[in-house]
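Read on for two forms of one protein chain; each stands alone as structure tokens, with the labels structure 1 and structure 2.
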Structure 1
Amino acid sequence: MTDHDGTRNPDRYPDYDVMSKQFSPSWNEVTRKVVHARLAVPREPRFFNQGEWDTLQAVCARIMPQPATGAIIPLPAYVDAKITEKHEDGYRYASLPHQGEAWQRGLAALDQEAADSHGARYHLLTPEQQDALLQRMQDGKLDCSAWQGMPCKLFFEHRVIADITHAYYAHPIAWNEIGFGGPASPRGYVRMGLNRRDPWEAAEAHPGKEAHARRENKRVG
């Protein structure tokens, strides 16, 4: 198993938590419902089998590395949920199969590629080996028989990258990380100009002023 070895940067917006606004005028009822449902996504696979799940977990951990401790965005669960709940993209490249089938084929192919080059399944490789395979996928250089003609580059761009990164940035933990104000209805915003911030937005820690930002962020609500 690979470790999650990402560093979540808590320093830019220290102690900012977009969820502290959930009962403020920035969140309407339907937004609360939607975000709560997202946080409660089932953590066990409903579409993928155990073998595919191992590989998917390893891929997610490389595409969006997360810290080993603390709250984590359950990315494989969102990939599974998108397929299980039939959230379609609305278009499909003529050479890519539908999302579920594309993922199954792609994950199997990744395991096959790992076995061919390192003699082990993908999730058992080192992070460097895993990244190298993903890089070759992005460059369109993987073509073992398990791909069955599916272009690995398109799979990388439109399934791996899209499904994993979209799930990441739809999550409140990611909003905290980038200082995004998050839901904003009905309150919206008032201060629109450069370097202006409404009291219900994340405060950025400028060098030497970290304590100030921390204090401001505790008041966001």
Structure 2
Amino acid sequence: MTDHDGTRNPDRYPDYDVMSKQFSPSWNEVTRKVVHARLAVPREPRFFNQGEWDTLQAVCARIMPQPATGAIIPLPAYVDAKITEKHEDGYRYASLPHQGEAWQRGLAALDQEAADSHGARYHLLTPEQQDALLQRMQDGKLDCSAWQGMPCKLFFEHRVIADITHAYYAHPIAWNEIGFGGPASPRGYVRMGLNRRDPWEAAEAHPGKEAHARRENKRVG
């Protein structure tokens, strides 16, 4: 998991790489196609225009900070893909419009709030100013006309947080951080009880047992 400054903790599951499973008995062809499709999501926007994209990138960077170096999970691209490819939630609050319209309206409103408060668009603000606006959104205290009646608190809870965090943990880089083995097809899981681990699952490094976890994770497949 990332810390508040975007630092990942690679030591919790040392030397674990979920992608080492891709040609092992743990994954079949269907699983491989699903994972590879996630890795191949286009990095350029297909639904959002450039202005919306600038704001979305800034919002994602504040909600889920990532390291300055190393592999980056393309969160804005995943949000864009969810809308473009019509991956719906299966439900919708009556006061929130469809996910695409909700995002466009929310990003435009955030830019308007930034301009009203600081005279610049959201992505041009300092991190502290950006966080302060997100906090006011979370508290339901933003109310410029660009919201068009959409409750900012509901948008924050059910679009901003949900879509961005779900996007993060849909990516194999995040799976390495939490020791997740990816889709369990066809192998599945057998040891379902608390504190039990199938031999093809990642081993967590407990204090004093880091070397053991490292050895276990090198043969996970």
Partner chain sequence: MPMRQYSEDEAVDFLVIGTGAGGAPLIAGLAEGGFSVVGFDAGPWFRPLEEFASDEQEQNKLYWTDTRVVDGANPMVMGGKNSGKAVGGSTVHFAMVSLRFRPDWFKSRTTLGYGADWPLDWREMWDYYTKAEQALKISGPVVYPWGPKRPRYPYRAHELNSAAELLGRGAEAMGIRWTPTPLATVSAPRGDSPPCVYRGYCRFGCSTNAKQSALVAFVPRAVKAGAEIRDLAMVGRIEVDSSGRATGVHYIREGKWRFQRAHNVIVAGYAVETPRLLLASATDRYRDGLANSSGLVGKNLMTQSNQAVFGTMQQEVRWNKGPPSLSLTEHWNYDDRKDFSGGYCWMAQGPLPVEWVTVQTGSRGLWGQKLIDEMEKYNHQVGLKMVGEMLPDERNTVTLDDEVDQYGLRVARVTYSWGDNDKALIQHALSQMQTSLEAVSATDIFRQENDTNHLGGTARMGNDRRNSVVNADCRSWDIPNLWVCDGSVFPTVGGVNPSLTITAIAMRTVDRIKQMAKRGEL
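Just so we're clear, the structure is a prediction, and the values are computed from it rather than from any experiment. Rigid core (definition): largest C-alpha set, two forms, superposition within 1.5 Å. By convention here, residues take numbers in order along the sequence of structure 1, the first being 1.
- Here the chain coming from the form predicted in complex with the partner chain is structure 1, while structure 2 comes from the other form.
- As a two-part rigid-body motion between the two structures, the smaller part of the chain turns against the larger by 15°, taken from C-alpha fits.
- When the rigid core is fitted, A211 shows a C-alpha shift of 4.5 Å between the two structures.
- If you overlay the core, the Cα of E201 moves by 2.6 Å between the two structures.
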